[in-house]
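Quick heads-up: it's one chain on its own, the form predicted alone, in structure tokens.
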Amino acid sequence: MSLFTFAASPLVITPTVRSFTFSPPRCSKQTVMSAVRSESTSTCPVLTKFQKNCATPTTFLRVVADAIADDMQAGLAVHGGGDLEMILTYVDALPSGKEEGLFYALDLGGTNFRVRSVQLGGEEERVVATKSEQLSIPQKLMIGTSEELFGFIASKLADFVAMEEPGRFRLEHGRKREIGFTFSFPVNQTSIDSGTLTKWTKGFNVSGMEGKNVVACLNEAMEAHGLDMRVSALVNDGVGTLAGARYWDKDVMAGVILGTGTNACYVEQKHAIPKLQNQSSSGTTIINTEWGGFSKCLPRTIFDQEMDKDSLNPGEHLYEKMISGMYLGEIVRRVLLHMCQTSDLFGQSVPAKLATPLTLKSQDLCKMQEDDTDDLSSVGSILYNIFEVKADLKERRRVVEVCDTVVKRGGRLAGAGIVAILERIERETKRLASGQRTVVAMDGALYEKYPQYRQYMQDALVELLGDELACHVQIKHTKDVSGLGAALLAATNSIY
């Protein structure tokens, strides 16, 4: 049953999915259908066992949320204290709305990178003008040298700056251009504008980079290309999302990414961070939780274990492998394959394409769950197009049950993680107890495009927080706001 209404977001970037806040219960057709499917009793032994092993009742979610909270505390106490790294971002000043001038953002986190320019006009005008461009990185540079990769990026940055319209974008005389660098790879950050690469991921394997300061590499490349620009802030996409959303809404206290991968960050009180040691303990800072690495008390099945064993990083990021978009379809595929091998699902033979890893995507699951036709025709089409399977109605219903089981588990576990962060914030601030609104900025295609996943996540939040506290929480979809956030953090950390 839905406990949320949707209200238009005040963000200047219009979200595709609107915000939700807590309200008296209402019931939608979609929610009823989803609930009926997830609670149906299967006559297939494999599916029945799988559903039982994936169950996430409220009492179990409370155990998960408490375990995440314990790991958060352990990670704040000492480096490597728990599964969650709780990385210091050195973002001690968040956007105030008073920022003025021309600033830039560079987002490098995959096979594409995005460049953005933002002209800020202070409290009255806010964002005066903005322009962005997305560019592809040639495959050979992803496995080349650091000089080649950053040289290519710097050259494209120089081209981007050269194409600026003088009337819209104005750099104050005598000032160097400043940029916020979103670098979504594992980094050991040592200050707001420096950090060393821990390891490459996402298909990158650039030589001579591990242990190097990534900011220095970009600064040197920009200088070599005659670009008078410096990196003022090194951030990740979660921090950028929090900062960008905070610019428009002072009650934003956390940023969560739920897409192909997942991560979360939040505003922490410095005095509550033991590992800061001799540094100033006044004020606040943003903590990057790296919550995908959580591994305790998760409802892992044999299918999760086998998928993890076959992954590029076995034994790592177990929470991420249960809640993020990259893995949901693969878990469903493995369950369906096993059902074919042990029962008569899809007939006497096992479809050859069903044995191919990573063929089923989270968007396929969403389309199947949204199918409200009497004969589940969309489910039938998807199964035929991907696996060349001609499924009857009974088989289509079984497939939808598997999808719903995996998505319900993922959404509810994600909800437990958000509650752990909200309760951590509440412990230090008592915002919710005093009736103060607390906003979680959310981005990522999984959250944006998968309504059933969102609903299960929302249900878990209500169950764990309770109505009295939940009514002061708002989850706000902030699509593509991380680039603005990176530019804003360049402004707040300007040398001028």
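Here the rigid core means the biggest group of C-alpha atoms that line up within 1.5 Å when the two forms are laid on top of each other. These numbers come from a predicted model, not from an experiment. Sequential numbering from 1, following the sequence displayed.
One more form of this protein, predicted together with a small molecule, exists but is not displayed; see below.
- Remark: of stretches 141-149, 261-269, 161-169, 216-224, the one touching the small molecule in the model of the complex is 261-269 (heavy atom within 4.5 Å).
- Taking a 4.5 Å heavy atom cutoff to the small molecule in the model of the complex, the contact residue among I257, C340, L102, I153 is I257.
- F185 is the sole member of F185, F113, F204, Y90 with a non-hydrogen atom within 4.5 Å of the small molecule in the model of the complex.
- Taking the partner from elsewhere, D249 is found to have every heavy atom lying beyond 4.5 Å of the small molecule in the model of the complex.
- The closest non-hydrogen atom of D308 lies beyond 4.5 Å of the small molecule in the model of the complex.
- Remark: D237 counts among the residues lining the small molecule in the model of the complex, judged by a heavy atom distance of 4.5 Å or less.
- The small molecule is not drawn, but in the model of the complex it has no heavy atom within 4.5 Å of E423.
- Contact here is defined as any heavy atom lying within 4.5 Å of the small molecule in the model of the complex, and by that definition each of E290, H317 and E320 is a contact residue.
- Core-aligned CA deviation for S281 between the shown form and the other one: less than 2 Å.
- L337: CA moves less than 2 Å between the shown form and the other one after rigid-core fitting.
- Relative to the superposed rigid core, A93 undergoes a CA displacement smaller than 2 Å between the shown form and the other one.
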